[in-house]
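First, one chain by itself in structure tokens, the form predicted alone.
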Amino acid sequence: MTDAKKVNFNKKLHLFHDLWSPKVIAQMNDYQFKLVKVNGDFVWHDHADTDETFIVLNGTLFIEFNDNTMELHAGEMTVVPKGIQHRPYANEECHILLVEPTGVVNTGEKENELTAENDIWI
């Protein structure tokens, strides 16, 4: 019998309401798939040791970089390369799927009020 499990994004998204607090829904090798609800501004940060994948499920996500701002809509994604300063934000609630290695802190090296507890499964 296989250990494979089906994950329904919408059902998982209904299990939490907090913003900027990624919830792990699956793991593949050393990478975690995390659902997160966002609204408003996040902090400028980077991840020195890893790229970070943003996949927009619902809404519109903006990612500000030093020289431009990227706009992502439902069904779109981007990979932010390691070491690149960025600041995600959303003008209305947006649901995204993050793909990143286990143990990545959402605010990078900067711990503050938006630093989420890591490895929280739903």
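These figures come from a predicted structure and were not determined experimentally. The first residue of the shown sequence is 1; numbering continues from there.
What follows is about the form predicted together with a further copy of the same chain, which we do not show.
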- Message: Taking a further copy of the same chain as it sits in the model of the complex, is Phe9 near enough to touch it, meaning that at least one heavy atom pair lies within 4.5 angstroms?
- Response: yes
- Give a yes or no for Leu97: in the model of the complex, does one of its heavy atoms lie within 4.5 Å of a heavy atom belonging to a further copy of the same chain? yes
- Query: Could you tell me if Met70 has a non-hydrogen atom within 4.5 Å of a further copy of the same chain in the model of the complex?
  - Reply: yes
- Do Ala26 and a further copy of the same chain come within 4.5 Å of each other in the model of the complex, heavy atoms counted? yes
- Message: For a further copy of the same chain, considered in the model of the complex: do all three of Asp30, Met77 and Ile84 come within 4.5 Å of it, counting heavy atoms only?
- Response: yes
